[in-house]
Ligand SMILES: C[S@@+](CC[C@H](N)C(=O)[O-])C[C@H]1O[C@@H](n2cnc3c(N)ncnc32)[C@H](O)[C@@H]1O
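Heads up, the chain below is alone and in the form predicted alone; it's given as structure tokens.
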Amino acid sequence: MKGTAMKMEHLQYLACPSCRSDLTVNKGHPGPDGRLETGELRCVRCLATYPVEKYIPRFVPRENYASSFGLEWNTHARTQYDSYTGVNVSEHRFFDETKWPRDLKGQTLLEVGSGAGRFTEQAASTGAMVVSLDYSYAVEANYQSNGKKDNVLIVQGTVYSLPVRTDFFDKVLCIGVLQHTPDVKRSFLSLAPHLKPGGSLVIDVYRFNPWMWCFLPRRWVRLITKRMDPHRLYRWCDKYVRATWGLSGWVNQHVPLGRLVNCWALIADYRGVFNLPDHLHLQWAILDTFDSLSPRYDTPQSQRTVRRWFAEAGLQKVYVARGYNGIVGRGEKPPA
């Protein structure tokens, strides 16, 4: 694979998040292969400037309310990658939720909320040109795994002012993200304008369950943990899961509804769900226990609400149902 990163040719996918105008390189000099490791982009209209650091265009500060995800995905940069685990969990979820063909050569795909890039890997496998964005510095973990692929551009930006062209992408993907934004509806409505006519949008979001929302201990523990320093919380999760790992395995195997009991005990134990070796199950448990307790925002939705958003966005051929992450939604922008 050639080193792709930020190239001059990638400016065709980007736009100033403030005024939607073209960007140009203001500082820095691309190397012989066209890559820009460090430098600055400038809007040709409003003259706003945006840094390029470690080959990644940055349209938001590196540290922000999603920094816990930056810590999470740089610590577990490969934990959920199919190419690392040898199990096609991410592949199955990506293609089952999107219903997109496996060959998307010649198309452009925008991924909003990439994390460490487990789904970026799947999107890139289709041959589409993938612009993958995250709000947190998890983009750095994604770059290490996917940034050198010829058909991937990784960007740090916000869903509320996406630094990409409107009416441009054949596919837009946003899974595992919306519930963790301050305004879930606004985040959703920010996606469709970037689809070209006839383009396809796929999202998922946590499903609101009154019983789980009110009575699971996680709901109340989060009142404390979401305000904790992420590094301190991660150390606590790591020690707690390791200390209880033997007991949670016994509960999972011998107690009726054992996984639910472990969930009450704040342990995300997937033994019996995914066919992974025990050391990887342990890593997933530490990762997902931290993931459930650390986000600043965590707002599930109802299927009725999500359907209303698709209608408000003017999308057609809408499908909203129970999915892997709670609720999955698909829709298409009407043809021109």
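Heads up: residue numbers just count along the shown sequence, starting at 1. Since the structure is predicted, the reported quantities are computational estimates derived from the model, not experimental observations.
Separately, the form predicted together with this ligand exists; it is not shown, and the next lines address it.
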Exercise. Is residue 199 one of the residues lying within 4.5 Å of this ligand in the predicted bound form, judged by heavy atom distances?
Worked result: no
Problem set entry | residue 113 within 4.5 Å of this ligand in the predicted bound form, heavy atoms | yes
Exercise. Taking heavy atoms only, is residue 286 within 4.5 angstroms of this ligand in the predicted bound form?
Worked result: no
Exercise. Does this ligand come within 4.5 Å of any heavy atom of residue 152 in the predicted bound form?
Worked result: no
Problem set entry | Residue (of 136, 122, 146, 132) lying close to this ligand in the predicted bound form, criterion heavy atoms within 4.5 Å | 136
Exercise. Considering 66, 267, 41, 56, which brings a non-hydrogen atom within 4.5 Å of this ligand in the predicted bound form?
Worked result: 66
Exercise. Can all three of 157, 175 and 180 be found with a heavy atom no more than 4.5 Å from this ligand in the predicted bound form?
Worked result: yes
Problem set entry | Option from 237-245, 257-265, 122-130, 105-113 whose residues, in the predicted bound form, bring a heavy atom within 4.5 Å of this ligand | 105-113
Seminar exercise, completed: Contact check, 279-307 vs this ligand in the predicted bound form, heavy atom within 4.5 Å, ordered by sequence, gives 291
